[in-house]
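Only one chain is shown below, in structure tokens, and it's the form predicted on its own.
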């Protein structure tokens, strides 16, 4: 466990609302393949307040950091293990041991159907050499960078598809939370925010599994004019177990934030991509102004953390 730097700068005062936080979405994924250690190191150097870890399990119950449960759109698994796909043609991390996953080359995300890079202007698909890291490898990297640079960055782990994992006989939340605690992330004074899209699991993490740290319930998009309170669960229900919500960026983000703040919840929208702006946003700067200056979001996920940091922190 390695936590000094004034206890990670008082757990990064931004999570207490002093200033908005910038969360590096899958690392500096606008510049390097998502969730590689290289992308995380770059995000740290760019000044991200928090660095995100999407977590799935291997066959031998080792948490690894990758965006979803499939290996085939972010690695060369189809070339290395051509016969290991399921009936639907997909390759699942849960069907491979860590030793097998470590044989793969990670790459820029590409389409399962066409094989083409999802974001063509980003790091070239298949270039250089990258691996899929374990959760512990990434935590050690961030802890090491916090020590060597003197600049504190927190972690923002997401429990991916816990219901599906349990249906396959693996309790991902029960495996991940003790690892976080082992590394000193256990309470709301620690620079760690756990997130999940499944509300039942958010409740379970807080109650049955006893997580005392910060917790965010991730939500989807909102249609124009739609009220958050029309959704199930209600904001009041969410506030009983979570510290905030993570909605998709929408044209009605001002209303979403106002309603959430009224319920005592922080708001961390996703995802700012300067190469894939919402159709209604005229420019990156206009969108950043709307999010930070008008809506007053408490944090923002971005594939380009340097761009968000410059706006949120005044160039610091």
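Computed from a predicted structure; not experimentally measured. Positions refer to the first chain, counted from 1.
The same protein also exists as the form predicted together with a small molecule; that form is not shown, yet it is the one meant from here on.
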Original post:
Where does the small molecule sit in the predicted complex: which of 194-202, 132-140, 235-243, 80-88, heavy atoms within 4.5 Å?
Top reply: 194-202
Original post:
Is residue 70 close to the small molecule in the predicted complex, meaning a heavy atom pair under 4.5 Å apart or at it?
Top reply: no
Subject >> Any non-hydrogen atom of residue 304 within 4.5 angstroms of the small molecule in the predicted complex >> reply: no
Original post:
At the 4.5 Å heavy atom threshold, is residue 252 in contact with the small molecule in the predicted complex?
Top reply: no
Original post:
Within a 4.5 Å heavy atom cut-off, is residue 214 in contact with the small molecule in the predicted complex?
Top reply: no
**OP:** Using heavy atoms only and a 4.5 Å cut-off, determine which of 152, 104, 218, 94 is in contact with the small molecule in the predicted complex.
**Re:** 218
